[in-house]
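As a starting point, one isolated chain is supplied in structure tokens, in the form predicted on its own.
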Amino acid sequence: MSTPEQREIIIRRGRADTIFRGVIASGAMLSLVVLALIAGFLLFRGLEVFKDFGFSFLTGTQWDAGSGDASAPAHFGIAAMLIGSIVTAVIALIVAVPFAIAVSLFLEYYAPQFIRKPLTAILDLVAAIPSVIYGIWGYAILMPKAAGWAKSLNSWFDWIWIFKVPAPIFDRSPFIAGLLLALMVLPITTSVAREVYSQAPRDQIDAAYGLGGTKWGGIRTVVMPFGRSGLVGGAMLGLGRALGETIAVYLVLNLVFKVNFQILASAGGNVASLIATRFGEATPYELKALMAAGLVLFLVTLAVNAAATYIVSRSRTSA
């Protein structure tokens, strides 16, 4: 018998489908073009600073605009602010991730239907609150209470280096900024975790029940291992937001150009708050340094979000 000829499959799309695909593709390309233009603008404005300071711009801790003439040259380094961004973001994730796991599992497997929908809507609504509202609330309500918590942590765990303070001042610390950021990243982390947990294989969960397991047993042995990568991706998305937060951190954290790992001390900062603080009174050369700092923050945040998107998409594919 002769082998039949391979048929060519031709897809004919209607006019509406073609227009829709073109609009979606154009929107996707436009977003990439906008990102490229932002990165190009920041690189163009900050290139002189990168040439003058080189790698020391990333490793230096001094930020001095100088006198504008050769008598007092400028010195710019963002290492202290980069480390401050990472410290506050890590504190936020340590606080937010356990709550995100608990809330997502409750909404998906324990909450009745009449409670699940309102709570999910409230969670999505909280994610849309502007950061300045979080900052004002954190300054007026959270900071006075969190300062007392910080004082207690210092009295109990001052034998641990990160909980020591050089002076008994507990306001405007990385600890308070991290707590505020935890509230801000909690909705997005919870949303991603809940979506991934909802895709857990029901047959394996039912098999755990059939073997005499409890609901918690099925969640612990099936759901949580299945959603581990998705949870990591959601946490990294929250990390991306925490790294770039500006106004909220500015209101609850003192901007000090010093590498500080003592999270209860009233000193710290991050790159975004540095830009917001110095932008209005910056000299032309310092403005270029702020643009260079913005480019570094842009690339770091973009890399974190890209890694998070990859992890979440991989978890969906494995489902």
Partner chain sequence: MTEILSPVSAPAPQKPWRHRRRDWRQAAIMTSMSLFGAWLIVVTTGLAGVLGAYVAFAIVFPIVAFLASLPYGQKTGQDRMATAVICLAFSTAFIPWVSILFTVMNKGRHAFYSGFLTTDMLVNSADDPLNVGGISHAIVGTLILISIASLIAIPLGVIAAIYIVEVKGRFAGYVRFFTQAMSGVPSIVAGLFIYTTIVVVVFNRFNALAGGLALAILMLPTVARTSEEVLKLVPDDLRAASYAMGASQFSTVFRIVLPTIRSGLITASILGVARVAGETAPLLLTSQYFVKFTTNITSGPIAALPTYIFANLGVGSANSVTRAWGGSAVLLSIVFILFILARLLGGRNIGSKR
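Remember, it's a predicted structure, so these values are computed and weren't measured experimentally. Positions refer to the first chain, counted from 1. Definition used throughout: the rigid core is the maximal C-alpha set that superposes within 1.5 Å between two forms.
Just so it is clear, the following notes concern the form predicted together with its partner chain, a form of the same protein that is not shown.
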Candidate from 247, 162, 86, 207 lying within 4.5 Å of its partner chain in the predicted complex - any heavy atom: 247
Residue (of 140, 211, 167, 94) lying close to its partner chain in the predicted complex, criterion heavy atoms within 4.5 Å: 140
Contact of residue 130 with its partner chain in the predicted complex (heavy atom, 4.5 Å): yes
Tell me, yes or no, whether residue 145 is in contact with its partner chain in the predicted complex, where a contact means a heavy atom of each within 4.5 Å. yes
Contact between residue 157 and its partner chain in the predicted complex at 4.5 Å, heavy atoms? no
is_contact(residue 171, its partner chain) in the predicted complex, heavy atom dist at most 4.5 Å: no
Stretch in contact in the predicted complex with its partner chain, which is absent here, among 199-207, 73-81, 228-236, 105-113 (heavy atoms within 4.5 Å): 105-113
Going by its partner chain in the predicted complex, which residues of 30-51 come within 4.5 Å of it through any heavy atom? 30, 31, 32, 34, 35, 37, 38, 41, 42, 45
With both forms fitted on the core, give yes or no for whether the Cα of residue 59 moves by 2 angstroms or more between the shown form and the other one. no
Relative to the superposed rigid core, does residue 284 relocate between the shown form and the other one - that is, does its Cα move 2 Å or more? no
